[in-house]
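The data below hold one chain only, encoded as structure tokens and taken in the form predicted alone.
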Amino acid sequence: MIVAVLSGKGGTGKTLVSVNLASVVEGDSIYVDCDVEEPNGHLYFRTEESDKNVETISRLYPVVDSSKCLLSQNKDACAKCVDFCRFNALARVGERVQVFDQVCHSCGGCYIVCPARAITEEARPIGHVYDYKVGNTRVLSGQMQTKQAFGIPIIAKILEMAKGSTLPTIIDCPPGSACTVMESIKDADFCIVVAEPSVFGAHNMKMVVQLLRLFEKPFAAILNKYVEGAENPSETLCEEENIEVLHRIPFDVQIAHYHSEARIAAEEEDRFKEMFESILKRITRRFGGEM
């Protein structure tokens, strides 16, 4: 079974839930960190760098040979590549075509439509993926290079590495509800939305819920930093939207202490282990699958 853990914003406790769920799975498990912009799962599943299998991920970017481009010969020439690109990654600037790498989606369309064959594609590294094992947990993660704006190829590679495995898999998704989140949840059997008790947290949680309903994914919520009797906009949203609450993780200084030191709470105290085991049991009983 594949469980994806999401949050509307950073800091809600998504990684806290993810690493603890992966650690309490009986037998072997897979932890997948798809937050390739700010990955931190590796802090909890520590190992020597020499024990990690590392692979470089590259993307193809268009390169325009101005000497072949028809614009350099005739200012009224085609510029078909510019017209084709729906992402506006190419622009007509005087007698040449300018490429904006930051918005290029590497679709290859400009290369195909260029009648003068003035465009070639150049592979450039955008990041790395890591594959290693700590105890019973296989850890798959990725890291974008600085100045990159498109992490989906890295996420796709990580998920491909996990695909086909029969082991229980926990996916630690990027925060928010953008394209990277959509890529992360596409093969998930069940999704957990982790929310904090704030107006901002509830607002962003609602966007994630809309996304999950659009994808027709079964899901439930975990309310983190929970204080009995205190105002909780996220809990109110769950009541209004008829969202099942899997668990309410109490506001506990000891959990925060372990988490701040990159220690897995379920491995430190039995009460936390029992709490996350109960969450897994609820998922398997309610939605089927094996964990």
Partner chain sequence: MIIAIPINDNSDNTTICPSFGRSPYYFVFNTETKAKEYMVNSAAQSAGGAGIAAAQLLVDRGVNVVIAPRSGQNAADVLLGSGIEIYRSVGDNLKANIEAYQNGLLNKLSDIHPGFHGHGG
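Positions refer to the first chain, counted from 1. Predicted model only: the values in this text are computed from it and were never measured.
If you look for the form predicted together with the partner chain, you will not find it shown, but the lines that follow are about it.
- Residue in contact with the partner chain in the predicted complex (any heavy atom within 4.5 Å), chosen from E241, E37, D65, D28: E37.
- A single residue from the set A178, V134, A116, M207 has any heavy atom within 4.5 angstroms of the partner chain in the predicted complex; that residue is A178.
- With the partner chain omitted here, the record of contacts in the predicted complex names 94-102 of 118-126, 163-171, 94-102, 192-200, defined by a heavy atom within 4.5 Å.
- Within this chain, N88 lines the site of the partner chain in the predicted complex, having a heavy atom no more than 4.5 Å away.
- For V82, a non-hydrogen atom is located within 4.5 Å of the partner chain in the predicted complex, even though that partner is not displayed.
- Of the heavy atoms in F219, none are within 4.5 Å of the partner chain in the predicted complex.
- Remark: Y130 does not count among the residues lining the partner chain in the predicted complex, judged by a heavy atom distance of 4.5 Å or less.
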